[in-house]
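Single chain ahead, written as structure tokens, the form predicted on its own.
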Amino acid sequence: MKIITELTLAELTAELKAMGEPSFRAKQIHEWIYRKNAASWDAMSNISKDLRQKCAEKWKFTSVEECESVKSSDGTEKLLLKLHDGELIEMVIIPAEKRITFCLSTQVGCPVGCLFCASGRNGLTRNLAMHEIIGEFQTGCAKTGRLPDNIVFMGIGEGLLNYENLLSAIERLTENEYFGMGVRRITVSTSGFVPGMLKLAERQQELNLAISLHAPNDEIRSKIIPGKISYPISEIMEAADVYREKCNRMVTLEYTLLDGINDSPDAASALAEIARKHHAKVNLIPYNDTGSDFKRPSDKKINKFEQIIDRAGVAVSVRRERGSDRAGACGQLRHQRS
């Protein structure tokens, strides 16, 4: 059975016409899905019960099912979602003042296997289909009753290794005929998958790109990220330059601070030099315990690291910890259930 979000408006109109329904019914259903944040067929109050039943027999409304919700004291809500084959993924709803960000996954598991991250501990199971990515998004919209202000593809998986489905989902999210999100409100995160970065650059679309660098040199990086999908930092940053030039967007270097591994003053200076040379921003992420052997640096070390980068003239921020009291780290909730 197809998922309703797999259909374009033209396809939905044609399908309903074949069922003997007028074309305006397709527009009504379309509006419920993409403008009114409906959570099910039953929510479509101006559609007859008979037609809703026919649609439910013909198409699934969504391909994801919420099976657990964990809300942190800071308002961050992590959702564990079940897919049609029983596999689990996560999405996160992150409130901040008057803004809401959705953090979405792109794969079931992750092939990169960063040693400090819970997402890839069991490797990659499969890619998410376009409609499954959209299903995550719809779940968040139904929970909040609105579209988010921002979307970050920083959940489970390496999005650029699921390139076609990711880009299809982004098209659905940004096209005015559907959700109509601004492209500059979307961030794609990558571990530094160079072929995917270059391919994304060729689109010349103003998506934000975040690179999970996590080290100032290849020696330290090899201790954090295994070599099977790891590229030299020099190649990653060359691809970042291409992306910035073609897409007119400054990239962000994501850097998880691990005590005694990559948090020295020398590492801060080296990272600042990379960021300055390649006109990048730096986002520091104090390690959120996932049950690995790594530890979070002291606040004093974190502040010192930030100061060194700031004094080098590089834009730097420290990510505020969200959801750390309730299995907030990426992949942690899924890992507990696997």
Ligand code: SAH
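Numbers follow the displayed sequence, beginning with 1. Predicted model, so just to flag it, every value in this text is computed and none were measured.
Although not depicted, the form predicted in complex with the ligand is the subject of the following passage.
Using a 4.5 angstroms threshold between heavy atoms, S189 counts as touching the ligand in the model of the complex. The shortest heavy atom separation between G155 and the ligand in the model of the complex is within 4.5 Å. In the model of the complex, none of the heavy atoms of A39 sits within 4.5 Å of a heavy atom of the ligand. The ligand in the model of the complex comes within 4.5 Å of no heavy atom belonging to T139. This chain is drawn without the ligand; in the model of the complex, the residue among S230, T76, T174, S212 with a heavy atom within 4.5 Å of it is S212. Think of it this way: in the model of the complex, the ligand has a heavy atom of just one of A312, I47, A43, I285 within 4.5 Å, and the residue is I285. Residues within 4.5 angstroms of the ligand in the model of the complex, judged by any non-hydrogen atom, belong to 212-220 and to none of the other stretches in 176-184, 82-90, 242-250, 212-220. Using a 4.5 Å heavy atom cutoff, F116, E254 and T290 all lie near the ligand in the model of the complex.
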